[in-house]
Ligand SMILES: Nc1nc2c(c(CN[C@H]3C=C[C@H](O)[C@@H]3O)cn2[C@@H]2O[C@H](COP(=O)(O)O)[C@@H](O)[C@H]2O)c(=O)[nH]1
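Let's start with one chain on its own, the form predicted on its own, as structure tokens.
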């Protein structure tokens, strides 16, 4: 009785044949994959509540490319934001790791003057910028909030001390505060146990591969394992792991700690902000029931079919925009990361100008 074909190790057989022929070089190692884009395509192909408008994707791609070119939108734009680090050293790597470890769930139902906010250097910051501001504030106060070994020191880094770091200028506390504490402690344990307490060492282990670093983060830290099920199939988004690698790349302008040979293999970062821009551009279309649910600002549970469709379709939409830009402008230095950065900044600008837009969907989770 023969061995079933699916039990044969074909890679081993190929290597043995090569050895018999005198070629004993090891076979090439397969490149790591995040499977985020494959997940997005599968979700889009099976979605019934979210769709794309090809006509508007084509139009948006040209408009986005024109605007990004006019603004000279590049990695340089990242450091131009007032609160982002300006120095380029290992301490900056620690800062960005901490920032994106905690980069989730900033939305609030309270009016602007009542929501969680941080006063720093004479200005009041909310949303994502409140996180960046409170990290800068803590460092100014001599609290080593970006040091992994500090997070696991139960005598120094108490919950009370962390609550002081995350204090607000208003009565609203930071959302999912306990979950943020757990993210810090888990990441601190992994980095101290395996990487001598340094995320820079983890970057070094990835050997210049953005994808390898994303996969390593998701494999080794549960708090980065942004994995779900859709139509009986596992799907991945890895939003925070991808944006962490992208922020390192952008901050260091693709050099030093930010050198990644495959940065173009990352996708956009599936969150609740960018879909608003995509719907405003009429690229992303919602079914009537889902659209009404979002407009009524009702909660959509994390991992639910609607939420997964929203995230997957957003990733696939930005991928179509990227491909359309490169089809018409092959020389363009653009990838999904830069398009995401641009769409996010545009959403914030429209919000500040009072542009009428569909509300963002309400999902409370650590994934975004």
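Keep in mind the model is a prediction, meaning the values are calculated, not measured. Positions refer to the first chain, counted from 1.
Below, we turn to the form predicted together with this ligand, even though it does not appear here.
ask   = Just one stretch in 285 to 293, 230 to 238, 264 to 272, 166 to 174 has heavy atoms within 4.5 Å of this ligand in the predicted bound form, so which one is it?
value = After filtering at 4.5 Å, what remains is 264 to 272.
Please tell me whether any heavy atom belonging to residue 125 falls inside 4.5 Å of a heavy atom of this ligand, as the geometry stands in the predicted bound form. Judged by the heavy-atom cut-off of 4.5 Å, residue 125 is well away from this ligand in the predicted bound form.
Within 4.5 Å, heavy atoms only: does residue 298 come near this ligand in the predicted bound form? So residue 298 does not count as contacting this ligand.
Next item on the list: Would you please decide whether residue 114 lies within 4.5 angstroms of this ligand in the predicted bound form, comparing each non-hydrogen atom pair?
Entry: Judged by the heavy-atom cut-off of 4.5 Å, residue 114 is well away from this ligand in the predicted bound form.
Query raised in the report: With the partner left out of view, is residue 92 within 4.5 angstroms of this ligand in the predicted bound form by any non-hydrogen atom?
Result: It does not: once this ligand is placed as it appears in the predicted bound form, residue 92 has no heavy atom within 4.5 Å of it.
Practice problem: Run the contact test on 305, 316 and 364 with a 4.5 Å heavy atom cut-off to this ligand in the predicted bound form and return yes or no. | Solution: Not one of the three qualifies.
Between the options 252, 106, 120, 97, which residue brings a heavy atom to within 4.5 Å of this ligand in the predicted bound form?
Residue within 4.5 Å of the partner: 106.
| Single option in 195, 259, 73, 150 placed near this ligand in the predicted bound form, where near means a heavy atom within 4.5 Å | Looking at 195, 259, 73, 150 one by one, just 73 meets the 4.5 Å heavy-atom criterion.
Q.
Under the 4.5 Å heavy atom criterion, name the residues of 63 to 83 that approach this ligand in the predicted bound form, in sequence order.
A. Contacting residues: 73, 78, 81.
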